[in-house]
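Heads up, the chain below is alone and in the form predicted on its own; it's given as structure tokens.
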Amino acid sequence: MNEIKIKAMGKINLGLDVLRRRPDGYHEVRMIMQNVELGDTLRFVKTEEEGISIRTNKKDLPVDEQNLVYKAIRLMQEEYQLPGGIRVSLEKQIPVAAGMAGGSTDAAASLVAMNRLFNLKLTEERLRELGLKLGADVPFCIMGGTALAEGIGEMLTSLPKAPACYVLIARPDISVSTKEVYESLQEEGIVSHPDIDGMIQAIWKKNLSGVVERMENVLEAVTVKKHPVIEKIKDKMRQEGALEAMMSGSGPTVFGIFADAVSAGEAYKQIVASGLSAQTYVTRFADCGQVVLAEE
């Protein structure tokens, strides 16, 4: 095989709790991770000449060692002494630095692609181990679907497919540093913790209202304080019929859950017209993190 094309799905957090700060500086979390169909498309081509070449439709996205795609490919090359080089075309749709694991899912796609291009026959477990070297969200992006994530996000328990619904994604034109959000979080100041166990039960029962009523993200207390537009988007989504709206990850992306396509579509129009969001999409839950579109 010389070429492979993969769609890498974004993610949202249906519930995000922070339990404590660990001695190593990382935070111990408990989250419900959920893939969505909004994704990036990556094409990987083997080359005889050594090196890694990345082209993308986003001019402000680095294409060198700072890019997680580059890091993932280099990791595989060094780990398994792979010959030649790789040329990558990356079409971004997932908002960048937005709490939707856009970089992590692209890195996961790169690990999957290298595994298949070079017929390494690595297990998913091994790919997840490699992915953790690149970032805490990468193992989930390899496994995909719906999952409970614990530890720093690397301890994953697969869950049944979440109840069907439509998801309105809105990213305001602001930047948020995940590191700064976590550093600003005072765990002892968290007065309310999400009912993660109750949400898991609701997912098993295919009870959408049970999932929605338990949606909570403790990082909102930090990010919303610095960026009030996030709360404005949440309120607007609720006004336009969202069953509930919440910030994903450390932000700034907000998502709203809708029971049907019509109400999600109408809300989409209103969010766009409001000017609160720079990037707005309607999508659905996905049951996987990576989809191979073509192989040659």
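Residues carry their position along the shown sequence, with the first being 1. Computed from a prediction, not measured in an experiment: that's the story for all the values here.
The next section is about a form of this same protein that is not shown, the form predicted together with a small molecule.
Taking non-hydrogen atoms only, K206 never approaches the small molecule to within 4.5 angstroms in the predicted bound form. Of the heavy atoms in L61, some are within 4.5 Å of the small molecule in the predicted bound form. Shown alone here, V69 lies within 4.5 Å of the small molecule in the predicted bound form, counting heavy atoms only. Although the partner is absent here, P139 lies well away from the small molecule in the predicted bound form, with no heavy atom inside 4.5 Å. Heavy atoms within 4.5 Å of the small molecule in the predicted bound form belong, among the stretches 194 to 202, 151 to 159, 89 to 97, 207 to 215, to residues of 89 to 97.
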